[in-house]
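Shown here is one chain on its own, the form predicted on its own, set out as structure tokens.
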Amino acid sequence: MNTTGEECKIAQKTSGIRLLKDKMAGSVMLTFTLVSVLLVVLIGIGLMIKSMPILHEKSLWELLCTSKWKPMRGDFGFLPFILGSLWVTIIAIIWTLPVALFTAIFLTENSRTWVKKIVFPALDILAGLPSVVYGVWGILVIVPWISDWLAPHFVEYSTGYSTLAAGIVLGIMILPLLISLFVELFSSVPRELREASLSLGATRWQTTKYVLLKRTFPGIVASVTLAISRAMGETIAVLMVCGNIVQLPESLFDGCYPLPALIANNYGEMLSLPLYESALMLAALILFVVVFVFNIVSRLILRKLEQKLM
């Protein structure tokens, strides 16, 4: 009897220790989660505080909707930089999305094993290359191709350092990310669904269209959102090929000046002018807000799509 009682006490102690460890683990994970959220809030607050001097001097509407940028005279119009970022990102997504989508479909549905063994390591290498390597490659290949071969068919003259060059280089940078995300999405679709579709007489393309793409559509939207967020913040490679000209781009062959390039090129040079530093912090805040809002909106759209599919 004594032995049984001691065993019960040991079991109770062990159970209590396990419950304590579970509570501690839950508290630690909650703490790290709150820290992650707090970091985002602190970044936003810090950028807001640094941006206040210029917001006290000029209205937000004037800063966002004017194109005159002459810091020495106190003119800070962010419209060319905002449009430059949007142009470059849109160009990159327009040509990258279909390429990534069809590549991922081929790799998951039609390719042989030896093809995957070659393509996947190549994608890993592309994803791991520093952005400056893409920038140098863009200068050596994309810029001359645009200036010597493509631009003469559309405009009288172009240096090649243009919005189009930046969009092409940026698209190549996010291409491995999109392909990898799409491959993971398509691989998660059960094989039984494909076989059921084929057994009913559907072709491979019909199965891909009505089973694979339809089932993974919310994931595709989320993947594109992630790629756009990555693209909008890319700096060095875009900076090297975009031309860095403060103007409203009127064509793909005009130079542009995205927000990340503005911050990278000028921060540290004119810090003796407090208003100029505040303007650069406002540029960072604008980029932060755009990416944040875009992610929130895409999450809401994604939730509605998932509810419809369910």
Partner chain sequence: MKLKFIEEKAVKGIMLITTLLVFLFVGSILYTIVKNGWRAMSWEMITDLPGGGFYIGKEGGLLNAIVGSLYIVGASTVLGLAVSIPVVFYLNIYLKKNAKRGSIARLAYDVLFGIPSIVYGAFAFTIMIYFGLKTSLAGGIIVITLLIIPIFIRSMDEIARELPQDMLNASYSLGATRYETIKVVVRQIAPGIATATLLSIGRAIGDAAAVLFTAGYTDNIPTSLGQPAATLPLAVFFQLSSPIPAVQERAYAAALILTGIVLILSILGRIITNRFSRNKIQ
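This one's a predicted model, so the numbers in the text were calculated from it and none came from an experiment. Residue numbers count along the first chain shown, from 1. Here the rigid core means the biggest group of C-alpha atoms that line up within 1.5 Å when the two forms are laid on top of each other.
Here the subject shifts to the form predicted together with its partner chain, a form of this protein not shown in this document.
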property: Partner-contacting position among 54, 252, 63, 284 - heavy atom within 4.5 Å of its partner chain in the predicted complex; result: 284
property: Complete contact of 144, 154 and 273 with its partner chain in the predicted complex (any heavy atom, 4.5 Å); result: no
property: Contact label in the predicted complex: residue 206 to its partner chain, heavy atom within 4.5 Å; result: yes
property: Interface membership of residue 248, its partner chain in the predicted complex, 4.5 Å heavy atom rule; result: no
property: 4.5 angstroms heavy atom contact with its partner chain in the predicted complex for residue 194; result: no
property: Contact flag, residue 131 vs its partner chain in the predicted complex, heavy atom cut 4.5 Å; result: yes
property: Region of this chain that lies against its partner chain in the predicted complex, out of 84-92, 71-79, 100-108, 211-219 [heavy atom, 4.5 Å]; result: 100-108
property: Residues within stretch 237-267 having a non-hydrogen atom within 4.5 Å of its partner chain in the predicted complex; result: 239, 240, 260, 263, 264, 267
property: Yes/no, residue 251 Cα shift of 2 Å or more between this form and the one not shown with rigid core fixed; result: no
property: CA-CA separation of residue 183 and residue 296, closer or farther in the predicted complex than in the form shown [shift of 3 angstroms or more]; result: closer
property: Pairwise C-alpha change, residue 299 versus residue 104, in the predicted complex against this form - closer or farther, 3 angstroms or more; result: closer
